[in-house]
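Starting off, we have a lone chain in the form predicted alone, written out as structure tokens.
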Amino acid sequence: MKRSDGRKPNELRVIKITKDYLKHPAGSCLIECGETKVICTATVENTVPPFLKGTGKGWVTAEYGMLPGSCSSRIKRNDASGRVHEIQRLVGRSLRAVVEMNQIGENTIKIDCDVIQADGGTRTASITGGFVALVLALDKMKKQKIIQRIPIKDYVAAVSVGIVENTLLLDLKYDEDSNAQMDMNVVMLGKEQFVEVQGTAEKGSFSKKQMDGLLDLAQKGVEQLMTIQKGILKGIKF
């Protein structure tokens, strides 16, 4: 099939990450995946949820939102839908997978992912950009001597894949996602380990062979995203 933006089936959209995008947060970036744009910020708070008080361990959590003008029709401000809660939990789980919580003290790092323009893949962009904001915040904590080292175990990034017109595609735009026979969001670590795989058939079903092909496609996409992350975070050792 011919993709609307001219990409090959196994090609990512143009990815751009601008670090330190905002002045005030401990860590921030703007991630652009084609026409999808998400501002990711990391804020450090000297507190933890009640279940962690007195343990010496910290916490990483996330919030996600779409700005009113991010889509063709206005998004309600402060949307508290089930979709929003699902994405927040996904981003939080994905980032916690790479952090040594016992090394950040009783501090909470909150990752805010604000979609300013949506064209598919907002949750995967939030994870990929959220990781950059998280590492920048941890680097600042180290410089302020709040922590002794940056307690990151691995890189984490995410990408969408799907089947459109019986073709396996990487990094779906909105027009592809809305017409997909099936779509899947894949979160992976640098060590070829999966954090989460969310796959659903929208029309009919899909085979194991197709799923294996999509996972291979996603892995190649994630590897490319991590190369970009490494370039942005060059000089920060963990």
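All residue numbers are counted from 1 along the displayed sequence. Note that this is a predicted model, so its numbers are computed, not measured.
One more form of this protein should be noted, the form predicted in complex with another copy of the chain, which is absent from this view; the next part is about it.
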Another copy of the chain is absent from this chain, but in the model of the complex, do His24, Ile39 and Thr200 each have a non-hydrogen atom within 4.5 Å of it? yes
Another copy of the chain in the model of the complex: contacting segment from 129 to 137, 108 to 116, 143 to 151, 163 to 171, heavy atom within 4.5 Å: 108 to 116
If you check in the model of the complex, is Phe206 within 4.5 Å of another copy of the chain, heavy atoms only? yes
Ala180: touches another copy of the chain in the model of the complex, heavy atom cutoff 4.5 angstroms: no
Heavy atom of Glu100 within 4.5 Å of another copy of the chain in the model of the complex: no
Contact with another copy of the chain in the model of the complex for Val48, defined as at least one heavy atom pair within 4.5 Å: yes or no? no
Considering only 156 to 191, what residues come within 4.5 Å of another copy of the chain in the model of the complex, judged by heavy atoms? Leu189
